[in-house]
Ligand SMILES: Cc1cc2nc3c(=O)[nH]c(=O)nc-3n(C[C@H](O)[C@H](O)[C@H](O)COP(=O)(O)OP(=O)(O)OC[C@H]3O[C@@H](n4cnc5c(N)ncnc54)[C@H](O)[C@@H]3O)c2cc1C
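Below sits a lone chain in structure tokens, taken as the form predicted alone.
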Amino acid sequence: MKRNAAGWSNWSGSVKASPREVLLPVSIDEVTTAVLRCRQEGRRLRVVGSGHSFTAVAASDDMLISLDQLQGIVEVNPEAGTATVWAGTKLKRLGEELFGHGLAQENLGDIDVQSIAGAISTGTHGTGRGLGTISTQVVGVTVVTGQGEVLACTAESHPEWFKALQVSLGALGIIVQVTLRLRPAYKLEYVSSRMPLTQCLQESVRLAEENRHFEFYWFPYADPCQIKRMNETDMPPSNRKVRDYIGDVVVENAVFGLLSGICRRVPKSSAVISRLSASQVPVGRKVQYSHKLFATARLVRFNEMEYNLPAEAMVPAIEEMRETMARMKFRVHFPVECRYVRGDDIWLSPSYGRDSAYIAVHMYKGMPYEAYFATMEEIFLRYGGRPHWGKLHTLNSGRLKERYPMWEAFHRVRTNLDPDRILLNPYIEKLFDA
């Protein structure tokens, strides 16, 4: 077990911490030893994946545990169509290793640097009206509880604990292994196009129903938005590495990064640069295996707030956001990302009990975001919004309890699995009023 105390920050730099001790366990026994030591010494710990959450969910000034040494596939069950993987496995590596077995996850988000445990613990999702969050793919979890017990948990063995563990914010224990429901590897055809926002809103329900994956990016103060669609195909994979590198890395990251730097130095240029970016939205298509197509490079750093709304609220919420931005003239050029996700029955999933729309707003790193995010959050809350657990928001326990029907049930499980409260930090305490 490697121990190294050092300063820590998340991906965007919005959260910093100075852990007293950093552990990188290489076995479940070492994870258990760390938990028992915290109990004995009256200390607290948090677990970190890739630090891609914008909140302080993983921050610790005491013990910080990274699962980076616990990566890879443990076993594959071809008959059941499942695989058990180490919880620290990064999604990019997971996709490649599953592909080696002829398997794939049914859906992913657009970033693949997170660990699988971090992705499910914060309710990470992709897009697709008929597809759930990544947590809905989980059929088994092995966790070291706050009491230092190793618990193998499924919907059959521990139905209530399992529903709590599928999205847990790391508040119930340290997830060390995850068993996923998988499907045979498959290819997708990706199509990017432009469409006026008004037309997009008019056709969004149809586009969501007619495509396996549909999302759109709306650039504030601009008319055209980017439409992204993906559907399964039998066509051969595209062979265009140079072109994709120019489009995905040079244009979408290097050029956009330069434009973002201008906005930071000259904020009043944001509306002009937003319109310029919208006019340069790439138009084209490509075919690739799913694990290579879901994710895109994200080299330009930003801060983000994302809310889940009932699916039917997508259009009126966007219309109100558009009117509000035109009136208040926020200095923002980053696009608003809009996606659909199927409802589920996971207790702390933002998609609990309803088919959902997810709307995400972003601000370039170093530019003030507080007023913009606060105003957009007010709109989201009026439409029954629930925050994405890995994104910025201002809600505390009292307001969250109103929005999650199973809030108290989750709290009871948390008390059972972590009675000594060693898995808390100030941020988690605020969420659960602990």
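So that there is no doubt, residue numbering starts at 1 and follows the sequence shown. Everything numeric in this text was worked out from a predicted model, so none of it was measured.
In what follows, reference is made to the form predicted in complex with this ligand, a form of this protein that is not presented.
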| request: Decide yes or no: are 54, 115 and 169 jointly within 4.5 Å of this ligand in the model of the complex, with each residue judged by its heavy atoms? | output: yes
| request: State the residue from 201, 263, 98, 87 whose non-hydrogen atoms include one within 4.5 Å of this ligand in the model of the complex. | output: 87
| query | Does residue 35 reach this ligand in the model of the complex if we count a contact as any heavy atom within 4.5 Å? | reply | no
| said: Taking any heavy atom pair closer than or equal to 4.5 Å as contact, tell me whether residue 124 reaches this ligand in the model of the complex. | reply: yes
| message | I'd like to check something about residue 50: if you look in the model of the complex, is any of its heavy atoms closer than or equal to 4.5 Å to a heavy atom of this ligand? | response | yes
| Would residue 173 count as touching this ligand in the model of the complex under a 4.5 Å heavy atom rule? | yes
| remark: Testing 295-303, 268-276, 151-159, 202-210 against this ligand in the model of the complex with a 4.5 Å heavy atom criterion leaves exactly one stretch, namely 295-303
| task | Let me know which residues along 314-340 have a heavy atom within 4.5 Å of this ligand in the model of the complex, or say none if there are none. | result | 339
